[in-house]
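Presented below, as structure tokens, is a lone chain in the form predicted alone.
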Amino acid sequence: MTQLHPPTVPRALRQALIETGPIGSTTRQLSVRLAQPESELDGLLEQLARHGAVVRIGRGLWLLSAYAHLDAREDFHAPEDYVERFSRECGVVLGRYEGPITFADNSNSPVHRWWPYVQGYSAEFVAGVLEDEELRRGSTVLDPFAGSGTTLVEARRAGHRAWGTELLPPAALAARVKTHFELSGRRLQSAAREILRHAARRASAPPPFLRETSRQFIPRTLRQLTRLRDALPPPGGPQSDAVRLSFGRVLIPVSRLRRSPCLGYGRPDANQYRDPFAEFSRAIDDMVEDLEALGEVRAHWGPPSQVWEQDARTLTLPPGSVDLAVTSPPYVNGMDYVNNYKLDLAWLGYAHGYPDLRRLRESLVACDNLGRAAVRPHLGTEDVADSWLREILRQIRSNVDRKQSYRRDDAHGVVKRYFLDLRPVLAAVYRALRPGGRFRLVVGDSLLAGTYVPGDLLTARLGTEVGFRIDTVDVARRRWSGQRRSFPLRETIVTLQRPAAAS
């Protein structure tokens, strides 16, 4: 019987896959590059994969099997390489944090459940930090990336003054409402009943500008949502803010969408009708229940909080006015917050068209969807002071150049812009902290264009540039890369300290 030999990778295909290396290429990209029909190449690649000559990773990217493991390249620097280098150069050994950290733990917690913000950290983490710091009652706690207010809620609940900045309008709304413990549950419930009465009598109206609206909601739900939206009071004032936040809370539960953590489709019950009026009533009931519980411990509250809808990069607070800062900045090449919360932005009236979304995205810390014009000034690497970051940017650029076709040929510029955006935030917090005060950041690392980016360690190093001392770096949990599901990443708590005043 004739023995069949495994197929070999054709020379042109092999060369193309060698050049794209650990990044990989889609069948379409290879088809363009080799001038071969996509269907023909797809069949060949599937056959080669069955015999182990090539592998497919992530979202349909093909690699030579030699690149299945990133360390097959001599120029790849693994996470452990940077950890060893960080210990040697900065004198800090990575530790472990064993407590809960993810925001998912907040989904059913009083007050924190008022708006479905899925990024950030747990209330229990913040409570633990506040306890560890042993702050005097009435101390000032700052969160420069306040999100939906987890830090601020826990700080005020613990008897401290809570300050925060947040540029994403619906998140800033949530932080304001969640820290206004003085809301009257009885009046809130009465206002909600009036809104529902008005909504029941209204005709349905046009939905927001989002092109996918008809796909996001079944028709009956969409009609009900527009009636409820148009019955809401205008923005302004704690009670108005609270009912508007409750409306924002119902958008995802009544839609065909889910956040896990990014906005997307795939709900098994996507075509099931969910009544927006009933969901709104439940959101209000949860709020009233939590407000009543808060009222029972009123004597323990801290002073009224301050939430500024402004850019943390331009934060100016009196020097030494902050005792502790706690935050979780966006991660390198991380989530597009504008896309993830576009329903809230559109339905609550914060954006009236796609230009509004673009302008907001360009005002936030850089992410992968940032417009090219905003990245163009940051394509050079010679002006990068940090030697690690300079090497990483050059490696990203080299990998993208080898591939010849990549989603962003300016990916290194996005990463550079990210750290340029982060530096003034670190500097602003440094100026605001009292001598000896700490800044705790929950930060993640990334894998981008076949290059490992230790975002946590780079952030710690960046802190030293503005005057901080690195206190501790503790790994809180393991994560996995979206590019390579088998590549482990981490989430880390970086603690920076402003040096105490000289005696």
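Remember, it's a predicted structure, so these values are computed and weren't measured experimentally. Residue numbers run from 1 along the displayed sequence.
FYI, the form predicted together with a small molecule isn't displayed, but the following is about it.
**Q** Given that the small molecule is left out here, which of 399, 216, 119, 139 has a heavy atom within 4.5 Å of it in the model of the complex?
**A** Spelling it out, the residue with a heavy atom inside the cut-off is 119.
**Q** Identify, from the list 413, 248, 329, 302, the residue with a heavy atom within 4.5 Å of the small molecule in the model of the complex.
**A** Residue within 4.5 Å of the partner: 329.
**Q** Decide yes or no: are 149, 310 and 363 jointly within 4.5 Å of the small molecule in the model of the complex, with each residue judged by its heavy atoms?
**A** All of them do, each having a heavy atom within 4.5 Å of the partner.
**Q** Is the gap between residue 291 and the small molecule in the model of the complex 4.5 Å or less for some heavy atom pair?
**A** Residue 291 lies outside the contact set for the small molecule.
**Q** Look up in the model of the complex whether residue 154 has a non-hydrogen atom within 4.5 angstroms of the small molecule, and give yes or no.
**A** No - in the model of the complex, heavy atoms of residue 154 and the small molecule never come within 4.5 Å of each other.
**Q** May I ask you to state whether residue 90 is within 4.5 Å of the small molecule in the model of the complex, using heavy atom distances?
**A** No, residue 90 stays farther than 4.5 Å from the small molecule in the model of the complex.
**Q** Using a 4.5 angstroms cut-off on non-hydrogen atoms, would residue 276 count as touching the small molecule in the model of the complex?
**A** No, no contact at 4.5 Å.
**Q** To test your reading of this chain, name the stretch in 192-200, 239-247, 164-172, 267-275 whose heavy atoms come within 4.5 Å of the small molecule in the model of the complex.
**A** Stretch with heavy atoms near the partner: 164-172.
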